[in-house]
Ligand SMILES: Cc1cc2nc3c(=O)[nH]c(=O)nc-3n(C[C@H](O)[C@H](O)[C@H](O)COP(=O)(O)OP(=O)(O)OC[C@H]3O[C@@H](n4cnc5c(N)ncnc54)[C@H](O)[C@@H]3O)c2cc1C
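Only one chain is given next, in structure tokens, and it is the form predicted on its own.
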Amino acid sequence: MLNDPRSHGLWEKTAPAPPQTVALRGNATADVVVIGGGYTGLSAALHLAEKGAKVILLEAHEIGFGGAGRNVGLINGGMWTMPSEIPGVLGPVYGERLLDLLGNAPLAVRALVEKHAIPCEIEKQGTLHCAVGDKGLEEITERCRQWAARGADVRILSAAETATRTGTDVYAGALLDMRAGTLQPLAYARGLAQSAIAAGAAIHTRSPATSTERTGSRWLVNTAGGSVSADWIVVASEFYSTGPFEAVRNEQVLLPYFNFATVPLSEEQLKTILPERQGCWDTKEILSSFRMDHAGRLVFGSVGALRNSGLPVHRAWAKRALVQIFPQLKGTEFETEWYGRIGMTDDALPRFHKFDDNVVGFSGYNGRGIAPGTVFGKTVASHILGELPEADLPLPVSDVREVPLRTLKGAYYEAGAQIAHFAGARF
């Protein structure tokens, strides 16, 4: 994408073609203008259009250009924060609403994929949160206890069961979450876009919003090639926000994350490595993740940026770590490599912002974009349509606050991951 093979890697190589779109030219009118062509914006556009609203979506680059087209593809429930901690941060009312919404969010993704027949390689066999050592096992056991108390379909696997499911004996156990799964993330974004267009939404790519202004009772969103007049603005550009909503970007610290994809594995290798196709990640502070695509490529990732000195360091580490975890993959080559950035809020929880009258948006997904983005898009659509009052939203209105020293913190994460991966052994 944008002639950069390390922006979307395997996902751009294997995703169905995007729907045909053009840049905005001239002046247009709509009920709602959505800024951002990721999961939140596309879900909002789709759900609004299905209810008869006239929607125009503006995307600065291409559909799925940001985190929606670069992530690992894990459809997870909840957030990184332990379930019991969320009501303590948000209060009991909003905390319980958010837990209910996000706990069931992977199932909402499945339903949407099935309803619109989106070809995105969806797998429904769950995910495995793999424990590294006794400390990791304690963490996932407590996480499992808390989710199980809320009725979630989760359980702890022994070390032996984990080895059978993953194809490696390096883990002390794993949390199996049957709500969750994997998909091809860019294919999912493009499928949402195709469905939104079929429902009547208009999508304009290469059309960044440059400014907004109030014109009577309506909003005018300007781009380099035209403008959209609308009653509502949905801000769904997340940490790729620029121009009038750059403040959304500035309230998040950017954590780089890379992925390498192997060549398709042999039939013998596929019999032992992730034979049920669960998506996995571990409990290390500088975590790793791995999952399989439909063609049998193992996608292996961790924290870090594939640029400058980070490229050779992380590439060499990935080759070493892959064989440490899966000795049977010795000599296996990587086919593609890419990286992006995860926007992290200071409390690891998402935000709902009301920027002005009829200007709203959810953001701050902290590496959990697929399921939360999908359901938050539907939520904001319901709010605009008058079906869900502000008082009943799953998050309170919060001010946009810039994170102190955010650039320095982001540089620290990038450098720290590079140092850790240069240092050597994974386990």
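Since the structure is predicted, the reported quantities are computational estimates derived from the model, not experimental observations. Numbering starts at 1 and follows the sequence shown.
Beyond the structure shown, there is the form predicted in complex with the named molecule, which is absent from this document and is the topic of what follows.
Residue-level contacts in the predicted complex: of P350, P208, G167, G173, one residue has a heavy atom within 4.5 Å of the named molecule, and it is P208. Only one of A131, A230, M344, V72 lies close to the named molecule in the predicted complex, with a heavy atom inside 4.5 Å, and it is V72.
In plain terms, the part of the chain that comes close to the named molecule in the predicted complex, with a heavy atom within 4.5 Å, is 31-39 out of 393-401, 31-39, 378-386, 48-56. The named molecule is not drawn, but in the predicted complex it has no heavy atom within 4.5 Å of A193.
In the predicted complex, the named molecule lies farther than 4.5 Å from every heavy atom of P106. With a 4.5 Å cutoff on heavy atoms, D177 does not count as touching the named molecule in the predicted complex; it lies far away. Proximity of A60 to the named molecule in the predicted complex: non-hydrogen atoms within 4.5 Å are present. Along 125-142, no residue reaches a heavy atom to within 4.5 Å of the named molecule in the predicted complex.
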